[in-house]
Each structure stands twice: as C-alpha cells, then as structure tokens.
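Just one chain follows, in the form predicted on its own, and it is written as structure tokens.
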C-alpha cells in the first residue's frame, strides 16, 4: 500500500513539474527582452550573426516547438546550455555546483533550527502560562516578524564588519572555512524559521500534555522524564515533523535573499541573474530543480509521518 502511495505522489509530482515548467516558459516568453539580446551582448547585431544565433539556438521556432525540444532534452537529462550566466556552459553542471552550496546552507540552518526550535517549544509547552512560556513565545513572535534580509544585514554589520568575528562574503575553502563563512547566513535564515518551529512544537506539546493518557501515566507513578519522552513527545512528533517539512522548503526557497546579502554563489543568486539576463535554459533548470526539491521533501515528510503514526497508515490503505 505504501508503494502505491509513493507512486501516486510521484506521478502527481511529475504532472506538477510539467505544469510549472510550462508556465515559467510562458512567462519568460512574455517578459521584456529576448534570448537573442542576451546572446548578442555588446556585439553589433549584424544580419549574419543574428541568423547564426537564431539557427544555433532555434530561436525562430514556434513556442511549443521550443518547449517540446527543451522537454525532450530534460527527459534525456540534458538541460541545455547557458546563454548568458556562463556562456555555453552545460546547465546541469551549473545547477549542480550552485545547488550544492544552497543545500549546505539549508542543511546548516536546519540543524540550528532543530537545536533551538524543538527544545524551546517543548519547554514553553511544559511551562504553560509561566514566565518561561511567555518569554519564549514573545521571542518566537519577534523572530517570525523579523524580515530575513534585514536580520542578515544586521548580523553582517555587527559580527562581520564591526566585531570581525566572521567573514562577510565568499564561501571559503575546506570544511572549517566553509562552516565559518556559512554561519552568519545560516543564523539569519534559522532565526526566522526557528520561531515557527517553536510555536508549532509548543502547540503540539500543549495538545499532548492535555490528553487523558498523560494523566493516567502520571497516576501510575511514572517519572516526569518518561512521561515526557515516551508519551508526550512521541504523540507530538507528527505535527512537528509536518511543520519541519514546510520549514525545510522555506529554507531552500528563502536563500535567495540571504545569498544576495552575503554574496554566496548559490541557486538563488543564479536564478536571479538568469531571470535578469533572460537565460531561459538556466531559469527552466533552476525552477525544475527547486520544484523537485519541494516535491521530494513533502514526500519524505509524508513517509516519515507514516512511520511515526500508525493511524496514517490506515488512512493510506483506505485511500488505496
């Protein structure tokens, strides 16, 4: 039954990616400027050069023919070649280089979110109505309200320019330098998203702690730690995991602003440069990779939910 569920989700994901790629292709076709202008650059637009570029990149073909040719290449794992970001470089190679850095930044931020969000959310839920709960809830509200790019600029100025504790741009070489260069961007990204996780964890813990099985466990004389870990946290895990999936997606898609502030050559800055220069193959490839990342993340969260809560397995079985 789980295999059928995964196949249905993957089929729906493929249809969603097709729709997304077609809509983006339409928007690029309707946007100001043309790929020919990006290919010409500062060179004079002689008739011979224009005809050569049109023939090489099939720019005179009908819209649907161009999209069909791109789609056929994608099915063969050929995303085409960049026309402006890195002229004539394979799009697949560009995406793999840029996506690696974005995944590192998102993974670093996710670790910080987990280390901060879940413990604080649990503590706020356990100490409901007390000063600790009010302080954590207020801090989470402030974190959620803070724009990520503003927080990034503040962190960059305070810890990078004024105190000089961390580098202000670049990616570094080696593991230690890479961690040092990504710390401020990861903190800026994690601060906003950890506030969401704190609120979600607190709400899940409040719901779990108010259930009858928690009262019965306490009446049986179980230790507070065992009640918390075995009963409360286990039953509060499903909504927390669901929110983690959304947070991970937000972390990947929010790196655009963070990468711009810290001059990181990730997928966000690549997408912005490609849109500015009307580099259709790079834009299409980046959107496809980001869309696939979102779909696979949601699928992984659903599978983890099936493992954590047996009731969801029956729902999947009934749906099958």
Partner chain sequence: MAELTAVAQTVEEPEQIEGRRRKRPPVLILLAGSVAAAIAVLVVIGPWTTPFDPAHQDLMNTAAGPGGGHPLGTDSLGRDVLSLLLAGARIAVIGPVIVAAGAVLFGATLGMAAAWKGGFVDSLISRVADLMYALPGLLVIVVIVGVLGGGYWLAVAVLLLLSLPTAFRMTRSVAAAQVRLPYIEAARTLGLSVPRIVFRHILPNIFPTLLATFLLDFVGALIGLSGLSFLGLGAPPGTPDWGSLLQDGQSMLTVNPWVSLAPGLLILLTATSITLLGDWMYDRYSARGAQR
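Just so we're clear, the structure is a prediction, and the values are computed from it rather than from any experiment. Numbering follows the first chain given and starts at 1.
Another form, the form predicted in complex with its partner chain, is not on view; read the next lines as being about it.
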| Though only this chain appears here, would residue 161 touch its partner chain in the model of the complex if you measure heavy atom gaps against 4.5 Å? | yes
| Any chance residue 174 has a heavy atom within 4.5 Å of its partner chain in the model of the complex? | no
| Is there any non-hydrogen atom of residue 103 lying within 4.5 Å of its partner chain in the model of the complex? | no
| Are any of the heavy atoms in residue 65 no more than 4.5 Å from a heavy atom of its partner chain in the model of the complex? | no
| task | Please name which of the stretches 72 to 80, 182 to 190, 105 to 113, 148 to 156 has residues with heavy atoms lying within 4.5 Å of its partner chain in the model of the complex. | result | 148 to 156
| said: Could you pull out the residues of 257 to 272 that have any heavy atom within 4.5 Å of its partner chain in the model of the complex? | reply: 257, 260, 261, 271, 272
